[in-house]
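Take a look at this single chain, the form predicted alone, given in structure tokens.
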């Protein structure tokens, strides 16, 4: 019996990635990585340090080409050049331009795409209102807190992303309370803008709070070794996060991570 083809917003098939380090030694970073993310799904990737999670996200965003394997967007095979600019990417650091206001930083990606300034500004201000940033639109980055800077970076990435947003541990440097607030904002963006999101994180708790599914990578060379469907209601309140189902999933993921190292 033939199975129906999956409808994926993003799919990686048999991805390998190798590079030479500073000593000239060949390093195998990724090995036979295959997975898919469905439209409007929120998927997180966790794995041990050095597993190649950031390497994988960078090549999916088109920042570099894979050594071998295929990447598909909406079931169409695409090169790194075709991915670049069509996939939103939020790196670990906010990388806000210090000479631009919060609003000017947020519209930067739209400007590169040729969106008229008036239209880009209206889109950004609408998102700022939903993210509690409207009063800081004319503020420069130096005067913003770390959490506000990340909100501006999130707005910039979301506006420029089309329907697919890749996020590389963007909340890792934030304190626990600010990170919890960022989870609310990213879920607001995901739901209101109908985004497909792929998040790399080292934090099991974070992955369980935001995700529909969690993928687990092995130690280098990284490959996918496990998948967990997070079938918990949203919003995932403190009551849910301290409940038995949540804690059982957290223990399962912790054990799986331990077994990969």
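All figures in this text were calculated on a predicted structure; none of them were measured in a lab. Positions refer to the first chain, counted from 1.
Unshown form predicted in complex with a small molecule; subsequent notes refer to it.
For the three residues 29, 49 and 54, a heavy atom within 4.5 Å of the small molecule turns up in the predicted complex in every case.
Only one of 236, 213, 38, 220 lies close to the small molecule in the predicted complex, with a heavy atom inside 4.5 Å, and it is 220. Annotated contact segment (heavy atom within 4.5 Å of the small molecule in the predicted complex): 41-49, selected among 225-233, 205-213, 41-49, 190-198. A residue is said to contact a partner when one of its heavy atoms sits within 4.5 Å of a partner heavy atom; residue 20 meets this definition for the small molecule in the predicted complex.
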